[in-house]
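This text opens with one protein chain seen in two forms, each one given by itself as structure tokens under the names structure 1 and structure 2.
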Structure 1
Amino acid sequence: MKSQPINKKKGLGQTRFIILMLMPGFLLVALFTYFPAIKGVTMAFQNYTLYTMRNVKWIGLKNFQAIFKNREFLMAIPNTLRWVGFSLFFQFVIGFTLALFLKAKFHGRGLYQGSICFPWAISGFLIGITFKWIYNGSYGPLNDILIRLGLVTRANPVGFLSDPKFAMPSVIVANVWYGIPFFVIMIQAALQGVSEDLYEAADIDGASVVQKFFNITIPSIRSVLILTTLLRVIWIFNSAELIYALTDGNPAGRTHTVTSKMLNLIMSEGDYGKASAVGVIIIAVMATFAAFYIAATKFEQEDGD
């Protein structure tokens, strides 16, 4: 390293430096993410399908009208609420419990954490395929286990994915299974940051476990909890791989969420116009969440740690 004078013209040089460093990422994301997405939004107002590609017309709000008459889409709305709500709730509660159990060091904790991380590493697509088989009514192991436990009779195995009563709950269970590790790891990482001094001080004051939990643990990791939860909502809302691989909406469109219905409109029906209309609706919903998200991040910065 030779030493050289460093009093360059700071102002302009620095601006140029900043622009140069940001440019590659900005241009690529603008070209391959924003441009197609904006074009996608315009398709929501066109009769853009695989079969009309050469003769695309503006059709106003017709795609939206058609969607709100589509039985599967209408069923997908309450499904989406259940999919997001139940998945999040159980992932959070189970994940939090496990993270608390993992807070104190014990022999083999690292190995345990590594092992329960497995689902996080694989795609929703593969998880869908695997659960499709575990749930299978005629030769899946879950039915066999339930039969062995005496909960189900061999003559009447449960059609986890074919019975309308069980289909959506089964899909959600698979998603809960998929998402727990994320919460365990995130909350555990946050818990490591809570100072032991606080707990010791509380011990001296004779605080109970419950008091310590609500007065120390929760407030200390609140910002992480808020962020993780909101991010997770967005993520669960936008994910469709698992449903695509597990049921693709069956039986009779009963397990579609809004997002998986959108994917279905693209992959099976080639109706990009209607799919885009669903996408526009999704963005509107996401924007609401984004507002929360921004509020939460601002809150964290002010909290400043």
Structure 2
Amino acid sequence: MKSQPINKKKGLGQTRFIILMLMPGFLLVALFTYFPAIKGVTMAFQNYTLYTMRNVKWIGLKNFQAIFKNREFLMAIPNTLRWVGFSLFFQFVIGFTLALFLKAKFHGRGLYQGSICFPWAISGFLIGITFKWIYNGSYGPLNDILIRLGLVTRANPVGFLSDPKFAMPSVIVANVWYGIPFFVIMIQAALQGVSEDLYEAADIDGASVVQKFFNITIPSIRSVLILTTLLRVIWIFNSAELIYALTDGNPAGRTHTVTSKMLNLIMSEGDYGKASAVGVIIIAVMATFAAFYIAATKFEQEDGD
């Protein structure tokens, strides 16, 4: 008769202990994730700048109106589409190709794999500084190679980061190099899980390499491809450290993306209200994209149900 109250007290004590142990984690997440997010949304509707911190007022949608009248922000919208589209395409294609090569066993495979994945271990800002040196018109190795080949003269080097025609493609090239290892790592791991029996059966049936690729490889790793593509789109869209390190949006705002423009509003103009408005727009766009992407690819039915 007394065992039930004892068990209830014991269960209640365990529940309290679990809650007590989880509380520090909840508090840290709330303090460093949810509070800044809520604060950022509220700042989007305030005249919150570096010079009005003691006189903050609610101004409604004026920050959003000002953002959509800003010339650099309007240029950043198509720039962002090019930044995400070209970066994702080349990262995916090159990463998939390298992952297929790494699936085969050959001498020096570990060294080859390590050299490919090395960029993923480096800071994006550091990669930006490195490519800024490579692209430099005065002492950069890329221009030096072009001069030695006779394609340009030393008096008129290619302005990879100063010429509006080359600035955005140059930044995209750096981002492609930076993001390839992510697809290599994820796709290679997925390929290891594809049963060799399927390929052997296909060989017996006389299937070609292309048929095996589209009928076995792709369907077997489709869920990984969907997830990695979704994550990479979000990361590329939100990534601004490369642009900040390479060009800071120059020349004349031609290399700004929506995210780098947000950083520019904070670092150069000190306008936290407008920057927060851009942040709210980014969250809305990414949430909408993720919802439509998952719905369009039918992620929950990727096994062919």
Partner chain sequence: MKKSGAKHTVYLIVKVIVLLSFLTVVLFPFYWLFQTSFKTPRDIAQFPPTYLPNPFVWDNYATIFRMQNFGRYIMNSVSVSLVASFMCVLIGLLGSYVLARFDFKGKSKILMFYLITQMIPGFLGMAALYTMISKFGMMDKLTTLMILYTVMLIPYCTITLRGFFAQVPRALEEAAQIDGCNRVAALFRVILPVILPGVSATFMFSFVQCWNEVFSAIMYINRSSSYTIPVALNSLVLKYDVKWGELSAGAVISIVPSIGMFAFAQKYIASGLVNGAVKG
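Structure 1's sequence is the ruler for residue numbers, which start at 1. Please read all numbers here as calculations on a predicted model, not as lab measurements. What we label the rigid core is the largest C-alpha set whose atoms superpose within 1.5 Å from one form to the other.
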query	finding
Which of the two shown structures is the form predicted in complex with its partner chain	1
N215: Cα shift of 2 Å or greater between structure 1 and structure 2 (core-aligned)	no
Rigid core superposed: S195 CA moves 2 Å or more between structure 1 and structure 2	no
Large Cα move at V285 between structure 1 and structure 2, threshold 2 Å, rigid core	no
Following rigid core superposition, Cα shift of M21 between structure 1 and structure 2 in Å	5.2
